[in-house]
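Only one chain is shown below, in structure tokens, and it's the form predicted on its own.
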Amino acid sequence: MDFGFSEDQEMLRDQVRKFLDDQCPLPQVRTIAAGPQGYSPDLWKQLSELGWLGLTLPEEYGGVGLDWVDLVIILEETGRTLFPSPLVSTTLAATAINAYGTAAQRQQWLPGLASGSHIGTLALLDEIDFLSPEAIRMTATSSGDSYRLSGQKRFVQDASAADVFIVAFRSGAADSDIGLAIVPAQQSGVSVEDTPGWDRTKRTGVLTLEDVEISPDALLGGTMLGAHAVETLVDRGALAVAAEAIGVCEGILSLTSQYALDRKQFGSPIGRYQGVKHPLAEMYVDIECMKSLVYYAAWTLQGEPDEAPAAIAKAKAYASESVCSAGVNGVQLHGAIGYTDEYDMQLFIKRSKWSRATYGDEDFHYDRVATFGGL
């Protein structure tokens, strides 16, 4: 089995890296993060022109027709530069519609998501912040052929930017009674509130539904999909965050290594001391291990789908642990300057904390790994 990237994939990486380094260096990241939208509409339009938004969607819907291994390449680079955009959220919404939607739903929504004219996101959790079917408490009431939804969805990524939400709800107590609804932001009874957070490059919010009608056409797949569909989307989200976490760690390693060369103590660069060299070496090893786990997990989605849940759980568990460690070590090796707002290291540790928790931290996913192993 060849885990090396093809020439086309390496060209894609070079293209993505050049674009992000040129168009969104860290000073621009700061500007976007301080703004009200949390992303740049101009850069978002350029992403659609480059084909990033529809990378994994079929060509018939305006996509590129590639797979998640190719997407991981892009996400590594967006993580390395802390690129603020609803790319992950829109990709996950498009993945849900492409995987579970009817032909009419795919035709209605996927071209807009691929072109960037729509921004989508998942709205899965209610009051409870753990990732399991029990966390879905929003219960629909029947209204003829339709459902009506009321309640709140918490921890919704890029909620204020999105104009279409994939909302998880229940029609009953059983796992088979879980469904997904396509809810446009402009629909009557829908409102969004931005949630204050310390990493403004990754926005979250609360989605409130007040007696919102879900017609049969808005029910994803036209039926109740069950808990498995939600679990699959959580896995895709975990893989996407783990891929970005690789880049976050690479950004921390690059920034800290350069500081270790520039900062002099007792007449020598601090990078010559073992107390600095060893944490940086360990960070490098963690990055390489993360890559192996994430690349394999992305490959399983097409190559060995039955292995994908366990592979993704391993990748996200290790990534959550490693990215948090990298953030802490990066700040410590910078000394007091690492905590200051003027220096970029504080941006990376904020992202590392977000990456650790989003779509499950290491405890959540190590428990899953143990369960898959029969423990």
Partner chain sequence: MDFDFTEKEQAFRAEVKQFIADNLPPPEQRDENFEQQWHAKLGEKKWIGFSWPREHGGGGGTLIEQFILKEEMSKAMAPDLGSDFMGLTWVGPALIRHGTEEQKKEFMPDLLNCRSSWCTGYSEPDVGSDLGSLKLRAVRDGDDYVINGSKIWTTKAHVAKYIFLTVRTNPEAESRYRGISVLLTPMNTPGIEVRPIVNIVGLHHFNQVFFTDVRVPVSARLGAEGEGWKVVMGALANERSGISESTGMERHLEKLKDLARKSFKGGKPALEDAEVRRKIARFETQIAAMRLNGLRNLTKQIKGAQPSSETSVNKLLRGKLEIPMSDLAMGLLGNEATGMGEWQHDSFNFHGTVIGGGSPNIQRNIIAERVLGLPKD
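Positions refer to the first chain, counted from 1. Everything quoted here is computed from the prediction, not taken from an experiment.
There is also a form predicted in complex with its partner chain; it is not shown, and the following applies to it.
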Of the options Ala218, Ala227, Ala260, Val192, which one has a non-hydrogen atom that comes within 4.5 Å of its partner chain in the model of the complex?
-> Ala260
Partner contact for Asp363 in the model of the complex: its partner chain, 4.5 angstroms, heavy atom | yes
Closest heavy atom of Gly38 to its partner chain in the model of the complex, within 4.5 Å or not?
-> no
Decide whether Tyr318 counts as a contact residue for its partner chain in the model of the complex under a heavy atom distance cut-off of 4.5 Å.
-> yes
In the model of the complex, Arg106 touching its partner chain (heavy atom, 4.5 Å) = no
Are all three residues Trp68, Lys153 and Asp211 in contact with its partner chain in the model of the complex, where contact means a non-hydrogen atom within 4.5 Å?
-> no
From the candidate stretches 144-152, 263-271, 175-183, 85-93, select the single one in contact with its partner chain in the model of the complex, where contact means a heavy atom within 4.5 Å.
-> 263-271
For 118-155: residues with a non-hydrogen atom within 4.5 angstroms of its partner chain in the model of the complex?
-> Leu125, Asp129, Phe130, Arg154, Phe155
